[in-house]
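As a starting point, one isolated chain is supplied in structure tokens, in the form predicted alone.
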Amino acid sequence: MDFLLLLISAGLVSGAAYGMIAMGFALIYKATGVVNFAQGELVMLTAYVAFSIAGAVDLGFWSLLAVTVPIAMAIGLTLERIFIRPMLGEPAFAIVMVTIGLAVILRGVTIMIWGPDPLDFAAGLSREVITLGPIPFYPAQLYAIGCLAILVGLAYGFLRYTRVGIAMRAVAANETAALLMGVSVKRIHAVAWSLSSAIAAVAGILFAANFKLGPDMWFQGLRSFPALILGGLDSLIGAAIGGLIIGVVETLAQGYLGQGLREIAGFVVIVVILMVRPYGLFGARDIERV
């Protein structure tokens, strides 16, 4: 029983990282209808930015987050203005290809600045073990789960109660109708990229604190993709829940079936789910009238 609880707790930690990254994917898709394949690279880049800030100034976790998140939002706005805004009106496939090119650029720039070697990054968190019942946790692990819960609450409040969030939902529902109602689609796209980068910063810092900071962190974007598909491409809360499910499934597969099955367990889950619900567990069903 203790082994099962350890696997579930480890799965929730990795699932929290998947969930946060998947929320960044879902936010941009909800606003633009395009999957940003550079999201994993944004997670990596913002984590390295936080590492440099922590090396220059001794900050606690929350202070580091408060400094890094605005920088991450500025990075997201800059990338949207330079690479994505000129592509407005172009086919979605062309924009996706731009995000793939952007991912390669960010990967190369990160290695050029910080080097290819992995780094140790505590992110201002203690390494002292905290025991909850029979399960030991590092503080960074509890922070990851807690921050995912906070982001889910903030996302729900933002989309439901703020003017920008309601406008984003309108753009997601029907971009042409939103334009006719006076909604600035360019502004919504910029807000989506900046907020997605902010989420990437939180995910990157906590992933680096829990595992490692290295140039291969970009791969977590692909590892989080099953969570996005499982929860629903246009559902932020669904993406978070999907991340937790995928994380737990992966660790259970590793613990009981072997290390090699961890890598494919998440993709097996989404294949099964998509055969039943092609739009994901929480995604909106597309209805076309003919």
Partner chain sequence: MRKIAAAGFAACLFAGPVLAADPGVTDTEIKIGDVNILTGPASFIGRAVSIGSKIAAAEINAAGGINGRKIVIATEDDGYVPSRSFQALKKLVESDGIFALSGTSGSANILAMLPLIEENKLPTVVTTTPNELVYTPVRPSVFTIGATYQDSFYAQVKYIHENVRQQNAVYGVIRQDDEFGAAVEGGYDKAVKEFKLKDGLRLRFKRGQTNFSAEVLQLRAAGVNALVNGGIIAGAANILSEARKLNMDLAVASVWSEDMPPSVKLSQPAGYPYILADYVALNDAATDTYVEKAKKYLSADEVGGINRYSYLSYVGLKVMAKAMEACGKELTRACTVSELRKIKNFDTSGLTAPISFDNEQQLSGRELKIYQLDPKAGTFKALVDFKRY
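It should be emphasised that the depicted structure is a prediction, and the values quoted were computed from it without experimental measurement. Positions refer to the first chain, counted from 1.
Separately, the form predicted together with its partner chain exists; it is not shown, and the next lines address it.
In the predicted bound form, no heavy atom of Gly55 sits within 4.5 Å of its partner chain. Among heavy atoms of Phe211, some come within 4.5 Å of its partner chain in the predicted bound form.
Shown alone here, Asp216 lies within 4.5 Å of its partner chain in the predicted bound form, counting heavy atoms only. A residue is said to contact a partner when one of its heavy atoms sits within 4.5 Å of a partner heavy atom; Arg127 meets this definition for its partner chain in the predicted bound form. Annotated contact segment (heavy atom within 4.5 Å of its partner chain in the predicted bound form): 117 to 125, selected among 72 to 80, 117 to 125, 187 to 195, 87 to 95. Counting a residue when any of its non-hydrogen atoms is within 4.5 Å of its partner chain in the predicted bound form, the hits in 253 to 276 run Gln254, Gly255, Gly258, Gln259, Gly260, Arg262, Glu263.
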